[in-house]
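Just one chain follows, in the form predicted alone, and it is written as structure tokens.
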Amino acid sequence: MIASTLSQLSMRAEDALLPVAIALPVGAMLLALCLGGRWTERIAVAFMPIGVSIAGAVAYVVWRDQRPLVYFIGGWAPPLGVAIRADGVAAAMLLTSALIASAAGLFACDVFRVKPGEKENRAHLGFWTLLLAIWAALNCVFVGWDLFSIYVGLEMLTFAAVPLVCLKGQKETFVAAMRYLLFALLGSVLYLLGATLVYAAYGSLDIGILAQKIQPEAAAWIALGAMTAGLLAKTALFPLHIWLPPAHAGAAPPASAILSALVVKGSFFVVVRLWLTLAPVQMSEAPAELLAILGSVAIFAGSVLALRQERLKLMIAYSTVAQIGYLFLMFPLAIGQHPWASAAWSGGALQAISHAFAKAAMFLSAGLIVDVVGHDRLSGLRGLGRLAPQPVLIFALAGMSLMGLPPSGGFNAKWLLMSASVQSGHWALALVMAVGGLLTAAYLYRVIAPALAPAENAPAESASTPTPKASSRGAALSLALALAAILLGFAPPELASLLAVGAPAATIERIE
């Protein structure tokens, strides 16, 4: 045992990228918090290219070497120490988070900037420090290889995301943030209870060790069930979704983009870790079917609720509830040594990535629309395409990916999942995805069709209409995110190769 442990200590220089990916945003956050004023924005913006570079380096090294990066904190390997690990999907999510957080941050320069002669307020200081905190927390969750380390990342994510909801200081956003906090804390208690039961039963919290020890017995079922229930509350999977729409719709556009595109992905990523990496196949089959059923219900319920909304941001928020459901369809398809398992694994990962880019672009475009017309009521958007063609184009491009239209990344993801469903005999899941795409088209049509129609009375521009420079910068950033969601449909084979690195043992031999 000691020899085996010592043999794992031969870390490479590249492995040190992992602690750096966590420590740098934490350091930037603390520095920004201490300096305050205009320095908060300057420090956050200065960190963005550094953070993207680190995430890109992690993804490149994992792809180049075709093996996960592993770093032992303090030089001690488990079970004596704590490991952090980045496999292919973790590296892809690190890079996705870095790109989207940077785009949302640059978009926010015109929303949360302390202008000359203006006093700093809570929102100015809060947004930039919370952005860096969320970035650090997501990195911690993605590279976590220890159940307690992941818990720390999830808690940091919660306590950074909740105040981001209510930066406006309005009563309704405060109520939404408190509801979010209630669900998040309930999820934290359940997760920590499950992790405690796992440690009591198996004497370890390391995912690699637990994957070899855990057995389909009562202690494991109860522990994994508690952790999963808590994570589903944080992810807002139907019916635990009621906190999400008011929280995401009431936040400022760059905050909404971060919350919808990135924050809910953190807890979903941990669910993947639990059931496709930690738990053996014999434990995963029954829960996988249940997760797919909940995902299917979320697709229908979220889409129907989105159809009923009269406000643009609320519609986009309920769309998030529906799109989250697609992520959970991968679970019964990605377990076992079957030829379709690799397609399901790649499809689920690509769905998480493409949805992140599309949803961030959609919320930012909604912010541009509100700046132009002064509201987000769907009934007042007729003729918007003539008044503000760029936000409408961005919204439509992001919608293409959400609908799963070719050649978008959403199409590739849903095609892989649907192919796996057909090959495995899960015809019901294939039908759910097909109908879900039609429902997505229906609620997006409610925005795009009137926007492209001739205006009866041109909407009056509000007093808050941004300068052309601000509009063009925000539109360029939103367009870049929407195009990223589309261009994922042309992803090279190297992306599939990256996603395969460190995939669950049940599927690794099937991924080429």
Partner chain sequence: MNAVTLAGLAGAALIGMGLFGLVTHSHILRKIVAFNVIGSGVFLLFGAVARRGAASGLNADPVPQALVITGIVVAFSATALAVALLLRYFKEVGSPFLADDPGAGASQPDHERP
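Remember, it's a predicted structure, so these values are computed and weren't measured experimentally. Numbering follows the first chain given and starts at 1.
The same protein has a further form, the form predicted in complex with its partner chain, not shown here; the description that follows concerns it.
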Pick from 351 to 359, 101 to 109, 262 to 270, 376 to 384: which stretch has non-hydrogen atoms within 4.5 Å of its partner chain in the model of the complex? 376 to 384
I need to confirm a contact call. Of 345, 326, 318, 395, which residue comes within 4.5 Å of its partner chain in the model of the complex, counting heavy atoms only? 318
State yes only if every one of 185, 192 and 311 has a non-hydrogen atom within 4.5 Å of its partner chain in the model of the complex; otherwise state no. yes
Residue-level question: is residue 295 within 4.5 Å of its partner chain in the model of the complex, judged on heavy atoms? no
Given that its partner chain is not shown alongside this chain, does residue 87 nevertheless sit within 4.5 Å of it in the model of the complex, heavy atom to heavy atom? no
Is it the case that residue 331, even though its partner is missing from this view, gets within 4.5 Å of its partner chain in the model of the complex, heavy atoms only? no
According to a 4.5 angstroms non-hydrogen atom cut-off, is residue 179 in contact with its partner chain in the model of the complex? yes
For the heavy atom contacts within 4.5 Å of its partner chain in the model of the complex, list the residues of 47 to 80 involved, in sequence order. 80
